[in-house]
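First, one chain by itself: the form predicted on its own, in structure tokens.
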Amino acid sequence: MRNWLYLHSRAFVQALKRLGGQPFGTLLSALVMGVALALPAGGYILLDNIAVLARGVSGTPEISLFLDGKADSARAEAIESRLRAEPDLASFRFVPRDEALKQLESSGLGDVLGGITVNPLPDAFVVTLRGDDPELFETLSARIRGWPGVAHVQLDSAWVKRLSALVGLGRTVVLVLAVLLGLTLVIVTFNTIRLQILTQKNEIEVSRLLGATDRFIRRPFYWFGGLQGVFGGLVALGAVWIGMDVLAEPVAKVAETYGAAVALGGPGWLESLVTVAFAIALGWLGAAISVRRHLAET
């Protein structure tokens, strides 16, 4: 174990020296990798922010439970108890029929309802869910329809389905873009490592004559590609933060016109970790393909 740590620390130091020996080339490689990764990473985070903006503009989706006209207070209390037991509910409120009638009158329908002597509206519950998954809305509404005393269930799931479909499409596009740019970065790393190998060709041949194994020769190049990925991932995160900061004010103005207050959020710790890990994987893969091919040829 001690020997393994020593070999990797030695390879790590060698990779750092090679990167530090060509600062301009290292900077360009990090910028190329960072800008390429910033596109899918920023697109993914921007999609999440757009979804939040759409929910703020359209309001929180709800499910309305209309009780049977014959349902009494005991039946309403029984339904309220069942709602409290539902784990997927964020909140709910009871709307008595008299309150519902007053809301209709205050909305401008007072002249229409003026000749009505008996309140035709039923008691109702307005339910808010914890998530916005369309399947969750459909499952819960189907379950509630079978409860005694519930005459009708109305759910605001149409716009939820549209939003979910659009966000899903956007994420698929971002994923395809990430794969294509990832392949491009592997090729860039491949060529960078190949140039490194060519400049150290004589050193590699001497090491082989002295008994160095292919694993020993490959190890510094693996670290070289991985460190390039680290720098590229950090540049990508910086570019995403700058992009979100630039877009924050225009997005806030658009949301304000719809009466919503939305602030763009940058990448969290999980998104940051995934971005850097993805960049490291791309750098390592490009280095592995390049050095293995060269050693196989020689």
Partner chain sequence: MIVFDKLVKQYPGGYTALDGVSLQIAPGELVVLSGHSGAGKSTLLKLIPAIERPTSGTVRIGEQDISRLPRRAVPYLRRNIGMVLQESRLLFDRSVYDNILLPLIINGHPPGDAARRVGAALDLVGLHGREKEFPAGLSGGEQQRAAIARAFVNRPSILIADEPTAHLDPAYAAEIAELFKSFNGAGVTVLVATHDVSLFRHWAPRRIALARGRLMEE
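Treat the numbers as computed from the prediction; the structure is a model and nothing was measured. Positions refer to the first chain, counted from 1.
Another form exists, predicted together with the partner chain; not displayed. Remarks below refer to it.
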Option from 203-211, 72-80, 190-198, 135-143 whose residues, in the predicted bound form, bring a heavy atom within 4.5 Å of the partner chain: 203-211
Interface membership of Gln22, the partner chain in the predicted bound form, 4.5 Å heavy atom rule: no
Close approach of Leu5 to the partner chain in the predicted bound form, 4.5 Å, heavy atom: no
All of Arg10, Gln14 and Phe216 within 4.5 Å of the partner chain in the predicted bound form, heavy atom check: yes
